[in-house]
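One chain comes next, on its own, written out as structure tokens in the form predicted alone.
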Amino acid sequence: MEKQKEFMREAIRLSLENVKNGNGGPFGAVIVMNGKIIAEGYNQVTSQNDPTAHAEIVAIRRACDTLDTFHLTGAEIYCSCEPCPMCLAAIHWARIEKIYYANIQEDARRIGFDDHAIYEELTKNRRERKIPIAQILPKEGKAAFRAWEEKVDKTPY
């Protein structure tokens, strides 16, 4: 438990440092494997003009780059705040095995980071969502899927 607290303190330190440096929101994350931090990230949304540059995403990208892989099986992520829907999905795609967080969604909402509407949107039928979504050219779109299905030397994920 002491090691876990140490890792969380590092994620929190990154979030505080980020507030001081003005790179983005007050969020930090570290990825740990075999008891060691292998990557860290902090929110860079405003400094990079990238809405996907959340602390968790940045940390995942760095960890994958460091390990030269797209799977982080065996890893844990320590986040200064409960992950948003995008980050949660990325954590699943990366196959990170455990998530630890300090602040909760409601804490983030109180300071202007409200992802409740996104969680709500994900539960709605496609036709009821705020952003219109429509399927176009499904038959033509299947060409790439057929090519992938037939590809002998593909790297599945």
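Computed from a predicted model, the values in this text were never measured in an experiment. Numbering starts at 1 and runs along the sequence shown.
Although not depicted, the form predicted together with another copy of the chain is the subject of the following passage.
- At least one heavy atom of Ile60 is located within 4.5 Å of another copy of the chain in the model of the complex.
- Of the heavy atoms in Glu128, none are within 4.5 Å of another copy of the chain in the model of the complex.
- None of the heavy atoms of Gly35 is located within 4.5 Å of another copy of the chain in the model of the complex.
- In the model of the complex, another copy of the chain sits within 4.5 Å of a heavy atom of Ala90.
- Using a 4.5 Å cut-off on any heavy atom, the residues of 43 to 61 that reach another copy of the chain in the model of the complex are, in sequence order, Asn43, Val45, Thr46, Asn49, Asp50, Pro51, Thr52, His54, Ile57, Ile60, Arg61.
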